[in-house]
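Here are two versions of the same chain, shown separately as structure tokens and labelled structure 1 and structure 2.
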Structure 1
Amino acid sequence: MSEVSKESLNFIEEIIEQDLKEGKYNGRVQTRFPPEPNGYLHIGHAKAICISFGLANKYGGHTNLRFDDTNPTTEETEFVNAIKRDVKWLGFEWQNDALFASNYFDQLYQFAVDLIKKGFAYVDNSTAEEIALMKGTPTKPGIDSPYRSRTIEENVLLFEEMKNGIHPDGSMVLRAKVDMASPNMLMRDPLIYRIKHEHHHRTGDKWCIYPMYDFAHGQSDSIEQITHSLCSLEFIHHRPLYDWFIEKLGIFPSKQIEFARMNVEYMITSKRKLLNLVNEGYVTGWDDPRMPTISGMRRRGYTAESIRTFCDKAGVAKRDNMISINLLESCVREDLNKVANRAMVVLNPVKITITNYPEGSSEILKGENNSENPESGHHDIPFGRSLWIESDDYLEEAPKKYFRLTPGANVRLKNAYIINCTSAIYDENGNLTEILATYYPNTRSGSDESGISAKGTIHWVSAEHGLACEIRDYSRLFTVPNPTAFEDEGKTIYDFYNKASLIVKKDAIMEPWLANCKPGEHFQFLRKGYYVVDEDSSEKMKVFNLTVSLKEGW
């Protein structure tokens, strides 16, 4: 019984457990999720959210939601609200109120003054071009700015002037005095404050200087006493700077840990490219069901549970990765299979007449809501002489492995009778217009003791009772798994835009039970796929989005 469960840990968990063992941070685990409010959250953020919130949960700690709002040019309150909603929807709770880096502008300003007074920062009047030039290249060291040796007094005065707004944008910046010859470009006297006479979404016009990422993020972590600051690999070169500021300022030693961001086939996570897709009209908005945004995936019918499972199964490591879209789809099928009620909807209808069923009569049959969940109950399904079935469930000349309708074949109508196909009627152009069949009255579902067998089972909707609905069949936005991989060849993501990523079917027929469905409800359309009720639905016309199709058989 004393067997230790050999659960394998990812490398971040190993670090945390090591810290816990050593008594670091007094056994406390505090993480943070620091989005910049300049766009919508996407699947890559979902991964970061699951890691930061998930780890804090696991080790009895908490997570702060902190908006990294140090660039007023691009940031807006609209995004703040959308981000909060998406994090909540994913199922996570942050500690206390949402926080903002802008809450700390006063403190950050004091940190900068402190740095200047310790001789570790200076005001530089060089232009952006000059600074870039003096930085050197990754293979060539940079050179010192002529302003690097200003006196502390002069720096204090100039920085104060910057704050007071007497210098125009771009005329000077505050730089950390680190090492212009460092092989790490970030350490070559990074800019830490710039002048921007701009209105901030929270601090209004109080400030005309704003800290740069490197002088806001780590310091905010420290102010909030974050123990483990988890970010993606691209920030690995920032870590020496992160630690340098903490050391020089003598503040709480938060620790930055980097993991590989998650890439998913057929999805892109560049905010700029996502914005372009919206602006260029390739999609209808940030929440278009084809978008890899949280809001898009929600509208597509992905459940929060399935996204969490997906992020979990994708794992955490430091190597570049491209996760198969199969895994995502497998996760959402697994979840929806348990929770989605079954319904019959005919997407491409063709009429079938049961010639030996009494004309003018009908009956009510019962269908299981979800055979995977006995407690889900049943619902009524009207049956009649005339029905709609899927046009590809009939084939005049069928191959031997075809289990559906073909002249002479027996087929079970789901939840109803076994029928025998007798013939089909075509119009003058050779198009199938109607199928004829007879039914076996003693084969009714649930009370069939006839011994008659049928190879296949198909879904159907009573022609008299069925209701029109709109189906939006979505598929991958791009024709190749990694549409950004060809930029060297001069190709853009638009060269791989999948024109068939949305196929609208306006003459689908649903069973009447569905008339009461509400936006956001999930269903499995029998033998077809998982669908979610779209917010565009009205009382008289329901709209369904394809979340994911069922696995295809033969």
Structure 2
Amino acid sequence: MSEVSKESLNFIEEIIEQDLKEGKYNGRVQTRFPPEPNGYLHIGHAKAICISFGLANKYGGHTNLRFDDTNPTTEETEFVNAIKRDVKWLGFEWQNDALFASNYFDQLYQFAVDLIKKGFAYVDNSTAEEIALMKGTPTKPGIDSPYRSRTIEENVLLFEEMKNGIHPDGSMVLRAKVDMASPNMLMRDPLIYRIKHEHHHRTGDKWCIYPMYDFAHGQSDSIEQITHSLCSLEFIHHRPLYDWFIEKLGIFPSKQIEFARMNVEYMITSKRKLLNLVNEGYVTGWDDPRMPTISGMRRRGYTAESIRTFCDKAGVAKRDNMISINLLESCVREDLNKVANRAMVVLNPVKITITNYPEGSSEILKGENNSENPESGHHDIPFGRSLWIESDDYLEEAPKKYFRLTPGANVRLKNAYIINCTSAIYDENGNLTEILATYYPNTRSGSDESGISAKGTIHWVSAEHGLACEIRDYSRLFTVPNPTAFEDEGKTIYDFYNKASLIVKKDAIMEPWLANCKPGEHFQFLRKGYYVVDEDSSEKMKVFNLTVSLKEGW
């Protein structure tokens, strides 16, 4: 084991270090990340990935990527491929090939037979409704199923018949024989296997019975000899059952450890609710930039580095809490400030004419790509008589501390000259159509020794050379920080759906050097925010997604 600082260890690190000190598992650290392939990974999974892979890396161990594919009704190869892509994009590699719980179906079946032969499992013909009623309530013990006293021989035969497809779906299940009076409802003879005549994405039609998650999960950990099975806090009540199966089967003693799940303001992490958002058209897909999925955040322009930093800053806790989305966005800004080149893009253009600049003339100015990166270089910026600027950079009657364009005021054009606004032109409806100004030829940026000053600086794009582009301004998908908090009041997340979470601007104008940008490239649009080139871009039309504003609260 490499030397690890003892300072500020989280509780999982303390457990691992104590295990290593005591020589448990022969000094090994083996973790796993076990998603069910029934949807795309979200921000909560990102935290689980960072914890499981990160701790294994820290202590010289390994991590398995295992798909807990025990429900053929909801699982698809598409989700398997998406999950692999997301884990790699976050910067992690799993040990050997990806694994599947379905790899162990034969072994899991034998485990179930072993439990039956030891008297710890039985076949129950009760309906789902009857089983639910027999389980009792948290304050009232359950009652034994009438099938609980079946002989071992009868249970072995019936379970084999279940496997051989003799019985229809829902006609019987295999249950563990634990304790119907346990205060933990999950210990009241939980289901182990159910009949599902469904085609499996990997095993095809070989099986018509499938193990329940609580049975397959711990046994798969044990088969892989996972030393530290890390999962979110919602599984804490499942741990006694996890341990019970391992004990009764006498197999490798994997240890389940729970940590607080990642709850982030304005995001939801229920795959069922996320699937509904997709199916009901509230978003365009799992990778919609408003979604809290890893693929959605990647398309939004979040970087893998920023997500890892966020998970690290959020920490590893024992109690669920709500993390401020401002922390996530600040991590994104911090990273993009280092890697994103600067560019000028006018989102709501109005034309400005510099009346004393020679007609038909133009010149090439220089713009620094990124002042945070000395090696980023510069790009050419064409300048001429007619420019596009933001329409809200002009006010006819401006307040005292307004430092943009207003009649009689000087303003610096970024990377160019100081201009003086002289007047504006309006149409018959009172809409601003053009601004008139003059420039000071001896105030060119980088060589200005004129003594002429301007308190404000604005961005611009040459009207002759600028290119049209599409801007997709994304904001939060919900209008309240925790849209699920009102379910007891009869409200759903759709009551808080933000109808203004996407605003599309098709008449924006960008600098011509952006014509060659590629999907996934990041830019800071001066004075506006950080944007990423979307995959919908083409040679003729570039599409940019707003990743995050320049400052919190903008």
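By rigid core we mean the largest C-alpha set that fits within 1.5 Å across both forms. Here, a residue number simply tells you its place in the sequence of structure 1, counted from 1. All of these numbers come straight from a predicted model, not from anything done at the bench.
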| property | result |
| --- | --- |
| Matching structure (the form predicted together with the RNA), either 1 or 2 | 1 |
| Is_shifted A398 between structure 1 and structure 2 (CA, 2 Å cut-off, rigid core) | yes |
